[in-house]
Every structure is written in structure tokens, then in C-alpha cells.
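The form predicted on its own is given below as one chain in C-alpha cells.
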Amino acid sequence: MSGKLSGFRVLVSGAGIAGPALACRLADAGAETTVVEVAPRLRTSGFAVDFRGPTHLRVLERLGVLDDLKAVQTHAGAMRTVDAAGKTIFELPAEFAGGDVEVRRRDLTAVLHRRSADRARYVFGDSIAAIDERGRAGVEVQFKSGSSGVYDAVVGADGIHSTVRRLAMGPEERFVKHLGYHIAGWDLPNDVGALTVSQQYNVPGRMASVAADDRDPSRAGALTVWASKPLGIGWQDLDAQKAVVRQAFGGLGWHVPRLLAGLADAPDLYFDAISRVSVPTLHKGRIALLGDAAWGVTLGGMGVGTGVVGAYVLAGELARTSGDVTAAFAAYEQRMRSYAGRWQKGASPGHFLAPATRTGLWLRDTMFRRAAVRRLLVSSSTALASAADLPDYP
């Protein structure tokens, strides 16, 4: 793709995963790429993410990061559900829990950033304030810092709560549906004897889990999911977020009291509502949506891989058409709408991780005790991640 987009100016909002992945491929094609990120630096919070099946692995190889990711993969084990005494109820195999390659989100972001940083411009601590599309002249963007710029294309890879989507298409409530759950995760000292095999404990409507850090067994990661109405807490209000988690999980047994004790000193917390994004189109004029901004489901198992595939397709179509935004965005929409829709529409991780009723919890546990059901879960997840007609962009 070298040189296909020479002089083509692209602004990418979001330096999480899909944004840097897109920057890698745009840089390969010679585009002048700027990535703007509201956070002051690359984020270090979040959980392990996985890639599975030939489509994901092929795209990672094309991005030039597969070997780097294999070098930092977690080698995570199974996902084990236990009772209050620590006795196993059922265990999902490592093939489901970690796919073919599992890495920490922060490691994936760092690898993609490193792969693109010398060929793309990254701006941290800033965000888009206004977008004014001017036809063939491009898109004029005003930033909160007071600066501005004109670009041939703008891509919103800024997550479920996308600023680009709001500015280009309308308020968030039109496109984001709350799925009845919240999620929180944090790092803490491993004083509970946690193993690298993730252990999760349930009561109706609540789930708490813990797993040791495979590189540093003295550290562990806690994850909680609970049934909840929308809370309206700001993403920077760490104290309010911690208070909600303590209230939701206070009084539970197992390792929960010690996990909550570790929450007090956690400097960073991943906290969000579990939601699903549904948009009528992935693009509008010279503006396109990518990753969670386009088809996200909080904690959706296929979301990260689909975002990276989407970055590969979007950059590939822009290069194939030599920057014809209309043709490239239409082809991107056609390919990614069906691919992302295969898993996104019915995904509801909260209902799986924390069934809201005692009956629902019993049904889930009973079903996944069966080996045939567990095998079907592994094979179906790989099939959903695969695309037979994915173009082989140069």
C-alpha cells in the first residue's frame, strides 16, 4: 500500500486499540495521520483481550504486530466459576477464555502505538470540540485546546461514548442502549492466593472475579459485574465509582471483602455501564466510525478483534481507492456491517456473567457443566470471528 495515500490527511479520534491499528495501516499507505486522545497518556487500565481464528491472526500479521503480541501474551488459563467455599461449579476452557492470542489491553495498545508512533502524530490531552464538513475542501476540526486543522477524513475510534459520533450524528442516547449492568475492574496485591486461572463467584445479579498477574504473581486483577440502572457517574469521578462498587458488593462472602479492601488504594479503575451501540450507518460524508464507536458492546468478547479487522478494512479501502472517501467508506460499510453484526446484535455479557435471578444463575451453571455445551461455545466463538471473504489488501 506504500504511497497510495501520500498527502491524504486523516484525523483519528481515540488512541485505544482501533485508532492506533488504523494509524499503522494508514502510515503504511503514506497518509498524513494524526491521532488525538483525550487522556494525557496511553491508558493502562482495562482487562486482557483476545484474538481468535484465522481472520484475526491474519490481520495482526498484516499489521506487523503478531510476533510482538505473542511475545507478551498472557498464557491465561481457564475461567473457573466457584461457590463461596471455592469449590468449582464449572470451568470454561482456555481456548474460550483466551482465544489463540491473549494480551493485556495496555500491552496491545503499547505495541500498536510503537508500531505507528514514528509515522503518525499522536496528540494526548486534547479532544475534538467541533466538526465542520466543507465538501471537497475537507473537514475543519476545532479542538478543545483552541487549535484547529483541516483533514480529508475524520475517523471516530473513541469508544462507546464517542465524541465524533455525537458531533456528526447526534446525541449518545440515540445510539447507545444500556443493557442493565455495570462493570468495574482494578489491580491489587495478590493477598488472596489467586491463580492465573480466573475464578469468579456469583450471587444473583452480581459477579466478582480475581486472577493473578502471570508476570508478577504478587499482583492480581479484580473484576466485578452487577445488575444496575444507569448511574450517570462521570468517567473521571473515581471516588464516586469506588463508592458504587463498595455499595453493590458489600456484605458478600468468598474473597469479596479483600477485593474491596484493595479497591481503596487502586490508583486507576475501569468503570462503565455495559451498553450496546447501534448506528444506522458507519459513515457520514467524510466522517467514519470505527470499533466500539460503531458497533461496541461493553466487555463484548469479539469487540477488540472486530475493531482491529475494521481498521484493516478501512485503511485498505482508502488505499485501494487512492483516497476516494465516498467509495472507500461505502465499501467499508458493506464489509464491516455484516461482519460486526454476526456477534454484536445478540451480545449481552452481563446476563452471562451475572444472571439477575436465582433461577437464571442455576440454569447457566447447569448448562455449562456439560462438556458438549462448552465445546460448542469454543467452536462458535471462533466461527463468529472468521470471515471467508476478507480482502487481501496489499
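Model, not experiment: these values are computed from the prediction. Residue indices: 1-based, along the sequence shown.
Keep in mind that the form predicted together with a small molecule is not shown, yet the notes after this line are about it.
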(request) Find the only residue in 127, 321, 278, 196 having a heavy atom within 4.5 Å of the small molecule in the predicted complex. (result) 127
(message) Quick check on this chain: which one of 316, 99, 159, 310 has a heavy atom within 4.5 Å of the small molecule in the predicted complex?
(response) 159
(message) If contact means a heavy atom within 4.5 Å, which one of 258-266, 169-177, 285-293, 203-211 is the stretch that engages the small molecule in the predicted complex?
(response) 285-293
(request) Report yes if all three of 15, 36 and 49 come within 4.5 Å of the small molecule in the predicted complex by some heavy atom, otherwise no. (result) yes
(request) Decide whether residue 241 counts as a contact residue for the small molecule in the predicted complex under a heavy atom distance cut-off of 4.5 Å. (result) no
(message) Please determine whether residue 304 contacts the small molecule in the predicted complex, using a 4.5 Å cut-off between heavy atoms.
(response) yes
(request) Answer yes if any heavy atom of residue 119 is within 4.5 Å of a heavy atom of the small molecule in the predicted complex; otherwise answer no. (result) no
(message) I'd like to know whether residue 70 contacts the small molecule in the predicted complex, with contact meaning heavy atoms within 4.5 angstroms.
(response) no
